[in-house]
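Below you'll find only one chain, the form predicted on its own, shown as structure tokens.
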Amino acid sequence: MKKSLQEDWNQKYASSLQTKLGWYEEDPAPSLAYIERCGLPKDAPILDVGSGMTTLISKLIDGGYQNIFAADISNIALEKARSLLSEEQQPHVRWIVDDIAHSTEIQNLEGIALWHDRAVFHFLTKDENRQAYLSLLQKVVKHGGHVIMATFALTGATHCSGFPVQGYSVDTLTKFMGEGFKLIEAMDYIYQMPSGDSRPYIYTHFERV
């Protein structure tokens, strides 16, 4: 029997140390810098999609942010991520197990001030899944809200963790986001994997208008 997508990701998180995962960042400095430049109130709702076992959540809490949603298709990843937080940190996070392309949970959110996605969107290689992602984003992010997306660049990998991926440029992401989102800033970024290999990314920051 073919494994489900959730089972595939659960297996990856269950069988590997956090620090050995190909997308692990000890210091999520690019994301933190972009988030800080949004100038959000510390109680503004922040949604981190594809959160996994990111270090970003604890860094945000340490920075004073109090209203964080961590969403991932892998319940094992989120359970491990939760165990890494202190008792004082945990009340500031709500955990959501959901498939971003077939949402049953995230779709119930509203008024999100910041949507953060590092390395999820490029896994959506089917047009119908990309459109479902965009519709979900439009539904939950408030007007004046922010979207920070980091994806593989056009010159990046064609596969990641055994899955095909789609690379992007600033222009192709801006076209995808459409007229309802204004590009605020973007940059090229070289990510150093735990293995020592490098991966070219692009980071983009949009505002919903």
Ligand SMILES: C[S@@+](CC[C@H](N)C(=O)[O-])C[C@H]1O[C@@H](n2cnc3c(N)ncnc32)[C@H](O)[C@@H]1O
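Residue numbers here begin at 1 and follow the sequence given. Bear in mind the structure is a predicted one, so any value in this text is a computation, not a measurement.
Omitted here: the form predicted together with the ligand. The next part is about that form.
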The one residue among L137, V120, I112, A81 placing a heavy atom within 4.5 Å of the ligand in the predicted complex is V120
Item to check | Touches the ligand in the predicted complex: T151 (any heavy atom, 4.5 Å) | outcome: no
Partner contact for G145 in the predicted complex: the ligand, 4.5 angstroms, heavy atom
no
Test of understanding: in the predicted complex, would I73 fall inside 4.5 Å of the ligand by heavy atoms? yes
### Proximity of P45 to the ligand in the predicted complex, heavy atoms at 4.5 Å
no
Testing 166 to 174, 65 to 73, 37 to 45, 180 to 188 against the ligand in the predicted complex with a 4.5 Å heavy atom criterion leaves exactly one stretch, namely 65 to 73
In sequence order, the residues of 50 to 79 that place a heavy atom within 4.5 Å of the ligand in the predicted complex are G50, S51, G52, T54, D72, I73, S74
